[in-house]
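In the block that follows, a single chain appears as structure tokens, in the form predicted on its own.
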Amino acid sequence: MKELKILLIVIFFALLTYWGVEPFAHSKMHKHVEDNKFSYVDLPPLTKKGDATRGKALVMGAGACVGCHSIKAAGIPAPMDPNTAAASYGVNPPDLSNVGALMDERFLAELIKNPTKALILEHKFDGKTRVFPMPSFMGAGGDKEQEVADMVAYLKKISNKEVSPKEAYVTSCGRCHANRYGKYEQIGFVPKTKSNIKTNQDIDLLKFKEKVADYQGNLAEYMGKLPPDLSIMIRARSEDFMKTFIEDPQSQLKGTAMPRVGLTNEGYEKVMKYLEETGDPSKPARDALGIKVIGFFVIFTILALLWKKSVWRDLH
């Protein structure tokens, strides 16, 4: 029984370190920020019931959304290519096809009315020394709150299809962050092409890389520096950090140029799933193997104790 007691003591202190000491030490080294479960309580709720038909007319007309944004779900192409857009605005405006499914309606409404407040970028764009590229919607002559609610209703209506994790990433993060493991750059996925036999170089790939470099130059100037590649971010940062940083970047990094994305909890989970698929694809297999390893040690311990008892029973 002495060996069993020693084993239990070792297990006890190992678990104490894993679930007690390590989390405590981590909490002292890294500040803990409480998340708001993507509820955006700092933004006012919608007070009007939106009408998607009226909202479509506003998005296509007085709202002037399609002057900068594409809406592929409605057959509206982008008014300019990503590089031209980045040269004009600093970053390529997102396609609006999926925003209604991924983003909170409070956030969308405030984004239409007051972009810098919704994005928490008032410290970067004060409206005087630096003006945010997206203008505020000033209304179309009627009830502004109703008009905003109508536009949100339209964006939600056209986003009724199931958004994949890859699409969620592209819409929410892809215009600023590359993902090397996912073969994705800020202007799109790296093309699959064949090398030129004479030059042994892929001309189309070289042209793509040239466009990426041009886009990244404008993006770095707009943001202050080039946003990081997110290939291994899922392994470099804790789940708590990722959730609170995406929900409110200022909570973890005061003064950062990264905007609030406005994702719902479901939208956040889709983005994280894509980051796991690209940055840590072996996680499911590793988790499954971990259970088997624990089971092996449990069985091995039982067999070792029985073997010890059988061999040494005549000596006690």
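Residue indices: 1-based, along the sequence shown. What you see is a predicted model, and the numbers here were worked out from it, not measured in a lab.
A second form of this protein, the form predicted in complex with a small molecule, is not displayed here; the remarks below concern that form.
- Note on contacts: among 102, 233, 212, 153, the single residue with a heavy atom within 4.5 Å of the small molecule in the predicted bound form is 233.
- 256 is the sole member of 251, 36, 265, 256 with a non-hydrogen atom within 4.5 Å of the small molecule in the predicted bound form.
- Stretch 239-247 is the contacting one of 158-166, 204-212, 179-187, 239-247, since its residues have non-hydrogen atoms within 4.5 Å of the small molecule in the predicted bound form.
- Among residues of the shown chain, residue 223 is one whose heavy atoms approach the small molecule to within 4.5 Å in the predicted bound form.
- Interface membership of residue 82, defined by any non-hydrogen atom within 4.5 Å of the small molecule in the predicted bound form, is ruled out.
- Shown alone here, residue 106 lies farther than 4.5 Å from the small molecule in the predicted bound form, counting heavy atoms only.
- In the predicted bound form, none of the heavy atoms of residue 50 sits within 4.5 Å of a heavy atom of the small molecule.
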